[in-house]
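First, one chain by itself: the form predicted alone, in structure tokens.
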């Protein structure tokens, strides 16, 4: 069941939604990209449809809306601690199918990964709804079709932009915001069906691949900047920082901050030991986690094929080419 709205009509719906929700989606920031004359597409609050950037891939994903890059967990003094005030207003996040599938993977890690639930993630997740918009074309380095994340279900609404019209498929709780518009039963959601890049994720991976010289090439190329992790919609590693205030050194706050398995110091331990000192070892860890370890635990690959890690790597290291090359190594060794 769909609604076919003009852009002006959908703007009216957005104004209705704004009475109950904060609206967040990809926005374009002029001349804020990696070059002085390049734009940055990132997530931010939107006021109308004109703010929503659907003609381009965002450099960062929607995960920051429920897993912020820096999050204060509590404030402390020498006598007590307290949690920060929580903004209860609900939010709607506009995102693509690959990023919505990434949210499902975050849910597994933070909410269903053993006996403990991450309360900070759960609190933000519960107030967030997701409006997925279909891709009109495949962007550079995307391979979501290969990972099966080009399609999705369980969203709060789905949108297909069709020139001057928008086909909208709201879930039952959101249909009241479309009151007064005629429904159409003959239209179905449309997802992207083909990417320029195809990746065959190798089957039969095992720990035997850990010591293979295949990883050495990445030790020579990767500079350990961590940009791949920060742009990835499914990377969830974080570290803790205790910040002490200058005017009172007995007071401060503890923050959870995104971390990267590719940077120096990530696996350092007391006594000077480090699990992965070489960049090739760190690349192996990341790749195996994305296409092997996670799948063993949750029966799905962690990578959603958004290609952002390829987009941002200053050394032009391609994750998709790494996976394809790995398949050749596995086939040769077997």
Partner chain sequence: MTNPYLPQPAEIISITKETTTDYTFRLKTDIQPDFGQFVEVSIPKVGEAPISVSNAQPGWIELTIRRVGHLTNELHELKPGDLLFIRGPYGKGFPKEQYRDKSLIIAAGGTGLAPVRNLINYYYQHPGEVRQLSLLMGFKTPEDILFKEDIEKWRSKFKVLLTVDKESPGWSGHVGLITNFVKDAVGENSSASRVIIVGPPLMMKFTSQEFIKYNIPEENIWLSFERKMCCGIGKCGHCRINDTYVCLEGPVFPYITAKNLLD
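Here the structure is a predicted model, which is why all the values come from computation and not from measurement. Residue numbers count along the first chain shown, from 1.
Another form, the form predicted in complex with the partner chain, is not on view; read the next lines as being about it.
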60, 127 and 318 all contacting the partner chain in the predicted complex, non-hydrogen atom within 4.5 Å: no
Single option in 175, 90, 254, 221 placed near the partner chain in the predicted complex, where near means a heavy atom within 4.5 Å: 254
Partner-contacting position among 104, 122, 165, 212 - heavy atom within 4.5 Å of the partner chain in the predicted complex: 122
Partner proximity in the predicted complex: residue 242 to the partner chain, non-hydrogen atom cutoff 4.5 Å: yes
Contact label in the predicted complex: residue 216 to the partner chain, heavy atom within 4.5 Å: no
The partner chain contact at residue 269 in the predicted complex, heavy atom, 4.5 Å: yes
Exercise: residue 137 in contact with the partner chain in the predicted complex, heavy atom 4.5 Å: no
Candidate stretches 272 to 280, 303 to 311, 22 to 30, 46 to 54, one within 4.5 Å of the partner chain in the predicted complex by heavy atom: 272 to 280
Stretch 6 to 21 - residues with a heavy atom within 4.5 Å of the partner chain in the predicted complex: none
